[in-house]
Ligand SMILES: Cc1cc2nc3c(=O)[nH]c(=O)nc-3n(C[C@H](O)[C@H](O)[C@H](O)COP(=O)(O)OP(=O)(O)OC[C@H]3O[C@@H](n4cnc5c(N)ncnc54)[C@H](O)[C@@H]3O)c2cc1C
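Below sits a lone chain in structure tokens, taken as the form predicted on its own.
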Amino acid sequence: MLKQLKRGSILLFVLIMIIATFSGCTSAPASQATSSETASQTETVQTTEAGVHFTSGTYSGEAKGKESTIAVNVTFSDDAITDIEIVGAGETAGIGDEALEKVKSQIIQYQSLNIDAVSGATETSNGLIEAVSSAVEQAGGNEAVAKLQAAEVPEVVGETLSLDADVVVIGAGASGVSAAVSAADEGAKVILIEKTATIGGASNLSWAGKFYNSSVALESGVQVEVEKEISDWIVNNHWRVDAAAIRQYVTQSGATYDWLASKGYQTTFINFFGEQLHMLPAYETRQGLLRTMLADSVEAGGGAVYTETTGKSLMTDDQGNVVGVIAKQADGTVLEISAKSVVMATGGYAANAEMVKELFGFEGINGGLGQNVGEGLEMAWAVGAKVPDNIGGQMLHQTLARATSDLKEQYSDFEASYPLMTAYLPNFMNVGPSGARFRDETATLTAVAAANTSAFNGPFHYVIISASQLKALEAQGMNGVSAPSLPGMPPEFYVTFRDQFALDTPWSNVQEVFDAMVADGNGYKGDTPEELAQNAGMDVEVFKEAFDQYQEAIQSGVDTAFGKNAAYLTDMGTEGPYYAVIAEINNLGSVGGLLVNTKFEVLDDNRIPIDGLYAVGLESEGVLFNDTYVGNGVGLGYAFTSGRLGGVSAADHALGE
């Protein structure tokens, strides 16, 4: 299988990138609503082979994007789309909004709906296309839609340019930006390329990183015992890790906090239940801060930053040394960049669903970036980089409820999050797709434990809730089911309803919300356990046995199957209806794919460095973990730290130091 991956064409990854979605969900059908201006227009529009004809005017359309409903007003002449006004969208700042503008301009320029999704913003791109398609149907009918969907967009063919640098970095996420900046600070001329229009990658979506014993942590009186941390880390990963790499991260990451602060990228220390976490700056400021870092170091040092530029292959000399990269820009221009050091910071392959399933057996949600489909790994493998023995690990780190997005279109964010919050509490019965209970639900209190216990049992699990429990939630909020603490969701999950996010806030309209969840197809309901199992596609006998055993545990206070604490065995009552919430696991990124040493040099099959090739961030993170990510804040902490250190190593090699 791995040999096949090495030989596989990059075209395969590009195809998967196009069809993969940012979160694993497909966009909803576009709305057919028209504007008041055009509602009275009833003329039948005739189309001819000579072109597309419309009833001129302005028409409204909407469709689901990634974070919101995208609403547009589209203006038509008799034979063309003349303007697209985006009147409503709440897509991710710096990612979704840029994609909207790009797709909008291409639709108008090419008079086509056959527009490729913007890399990294697939759902947003497709949402806009669907919204415009709705308006096209109103202005020109189904035939007009079909013609615009079939309209060919000319392939962009550009010139080939030759560029020179000391160091070229592929990928402008946290690790890539850090590598580029630190290399430039060493005196190297750096070229940074990024396949999307956005600087910052996954760091734009994350909330905190771990920098061990940073100056601010020590000032706050929180200190990690380094040797114990390293020892425990190694043992917890069954010794199948690079102990030197772990030591380097634990002992060097604290300095990264000060380094980032000196660059104007100020993080905020929090004592998160004993964890030394550092919250990143406000979401809307992050890309600007990173761009400033690049301007002050990379560009000030004679280097350059190229966005919408995708690395295609590595250049090697006759001895197999890496001497540059060939990349292609959005306008078709091919860049042949010669460099003494190349740093891979390409973000892994978590958006490549086929690859994740083959290497890890996971079929859940990709919560990371849609552009991360594995091209960087393919490029490195093609020049002899070793495929690590532990390849396949993923950063499974959050639980999601499939119902949340659809419910937000009908209810407040707090109400729409009811099913999601139940998935983070230990007070409800959890079963796998077959209906069998699979864990002590106390695992829901720890993000990594919750994610991995679920993923081991299938692509999703069910949270079982009774009518009695819903009534308790409605009357007393989470206190009604004796929740031990607030659901341990990331802050971005509850920021819009922070004032209501409390244990004693009653869950008003709770049964109505859960019934809407069922109506949307994101959960199931049954008046009896048997009916619930049948409706949810579980094995009725398997579920009934697990249900009866769980009820016995509630009555006796002793969970003989999993040893769950009696305090969390919340009474379910004896009457229906019963509900099953579909809960899925969020994969924030793949872990590893390239083997590196502590200089971040990429190793070949004989574990010997490939001259001129380096890797940082997720591509190199497999040296820290056995078969899956078990950290909390390590992903971001390591991204910035490996980038900072790897950039120095790459610069030293390029400058002959």
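Computed from a predicted structure; not experimentally measured. Numbers for residues come from their place in the sequence shown, where the first is 1.
Here the subject shifts to the form predicted together with this ligand, a form of this protein not shown in this document.
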Considering 217, 569, 380, 193, which brings a non-hydrogen atom within 4.5 Å of this ligand in the model of the complex?
193
Among the candidates 372, 444, 124, 256, the residue which, in the model of the complex, approaches this ligand to within 4.5 Å (heavy atoms)
372
Tell me the stretch among 560-568, 303-311, 577-585, 421-429 that has any heavy atom within 4.5 angstroms of this ligand in the model of the complex.
303-311
Is residue 183 near this ligand? Define near as a heavy atom within 4.5 Å, in the model of the complex.
no
Residue-level question: is residue 435 within 4.5 Å of this ligand in the model of the complex, judged on heavy atoms?
no
Quick check on residue 629: any heavy atom within 4.5 Å of this ligand in the model of the complex?
yes
Examine residue 352 and determine whether its closest non-hydrogen atom to this ligand in the model of the complex is within 4.5 angstroms.
no
Near this ligand in the model of the complex, with a heavy atom at 4.5 Å or closer, the residues from 202-224 are 202, 203, 205, 206, 207, 208, 209
